[in-house]
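In the form predicted on its own, a lone chain appears below as structure tokens.
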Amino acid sequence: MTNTPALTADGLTKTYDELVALHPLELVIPSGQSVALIGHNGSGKSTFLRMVAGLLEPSGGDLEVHGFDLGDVEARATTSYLPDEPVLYDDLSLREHVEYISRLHGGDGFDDYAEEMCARLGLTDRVDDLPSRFSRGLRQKTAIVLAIARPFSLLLVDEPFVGLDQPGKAVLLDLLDEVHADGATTLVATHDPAYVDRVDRSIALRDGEVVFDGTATVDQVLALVGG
């Protein structure tokens, strides 16, 4: 954990013509903090995460990752993003995916940790298969391995539980706890308010605006987001 915040947003906003997807946002997330980004579909969660991940251009404001401007190589190198829809290559096996993504970011490829994650997620017998032929749930599990097997200090996760069976969800929750315990900053966007019980801080969004930022109970979050 360092004194430099993992994430700093200053007047960050996103608009599409007349539609405001994210109102000007002021936010500081300290390094090493676990955060739940709560809200229903359309609340602005995915828009915010995609901007932090460098996949969506902000309409205004500034965004820094570990003190680096969003477009800097250092900001991208420290950030791992697990999207709500897995993005996989058609012609690479699960093992080859991990090998490529990990080494691209300075990791050790398909190492003992990657092998352990595959075992925990029930993928051991599928590591040499093409994930493009997997079910939705197996593709999601593959994406989890890819996001966590590479080096990172900021982990962005967008609606991670969609498509997962209960054992897979339990493993993912454990993995999120573990990477946080190891010092990584985690920012998990979900419409499941129960996740607030596992994190240091909850941020609730509604219609592109922050309606709560702090420590909350499940009932409080449900009331805030209109559940």
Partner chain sequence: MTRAESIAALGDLRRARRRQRVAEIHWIDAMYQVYITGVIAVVALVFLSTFIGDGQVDADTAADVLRHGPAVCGLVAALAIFVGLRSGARGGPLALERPDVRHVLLSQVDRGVALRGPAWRQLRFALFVGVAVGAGLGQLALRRLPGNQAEWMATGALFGATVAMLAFGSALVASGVKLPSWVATFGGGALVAWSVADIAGRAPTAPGTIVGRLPLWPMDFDPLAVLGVVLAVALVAVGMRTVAGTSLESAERRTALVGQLRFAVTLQDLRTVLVLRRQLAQERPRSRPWVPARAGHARYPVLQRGVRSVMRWPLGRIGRIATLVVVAGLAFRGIWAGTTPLILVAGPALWLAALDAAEPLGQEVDHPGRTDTFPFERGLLFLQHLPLVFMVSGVVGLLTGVVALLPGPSAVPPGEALLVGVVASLLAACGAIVSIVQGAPEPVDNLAITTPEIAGTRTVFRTAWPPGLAVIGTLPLLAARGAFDRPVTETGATPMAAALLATLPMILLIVLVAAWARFYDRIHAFLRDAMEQASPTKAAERASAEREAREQAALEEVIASADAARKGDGDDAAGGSNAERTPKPKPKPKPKPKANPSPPAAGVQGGTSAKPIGRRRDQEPS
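Only a predicted model underlies this, so the values are computations on that prediction, with no experimental measurement involved. Positions refer to the first chain, counted from 1.
What follows is about the form predicted in complex with its partner chain, which we do not show.
- Across the options 177-185, 195-203, 60-68, 47-55, residues that bring heavy atoms within 4.5 Å of its partner chain in the model of the complex belong to 47-55.
- Interface residue remark: D91 is counted as part of the site for its partner chain in the model of the complex, having a heavy atom within 4.5 Å.
- Taking the partner from elsewhere, Y113 is found to have every heavy atom lying beyond 4.5 Å of its partner chain in the model of the complex.
- Shown alone here, E96 lies within 4.5 Å of its partner chain in the model of the complex, counting heavy atoms only.
- For the chain shown alone, Y81 is a contact residue for its partner chain in the model of the complex, at least one non-hydrogen atom being within 4.5 angstroms.
- Exactly one listed residue, out of L155, L138, I101, C118, brings a non-hydrogen atom to within 4.5 Å of its partner chain in the model of the complex: I101.
- Residues are counted as partner-facing when one of their heavy atoms sits within 4.5 Å of its partner chain in the model of the complex; in 116-152 these are L130, R133, L146, in sequence order.
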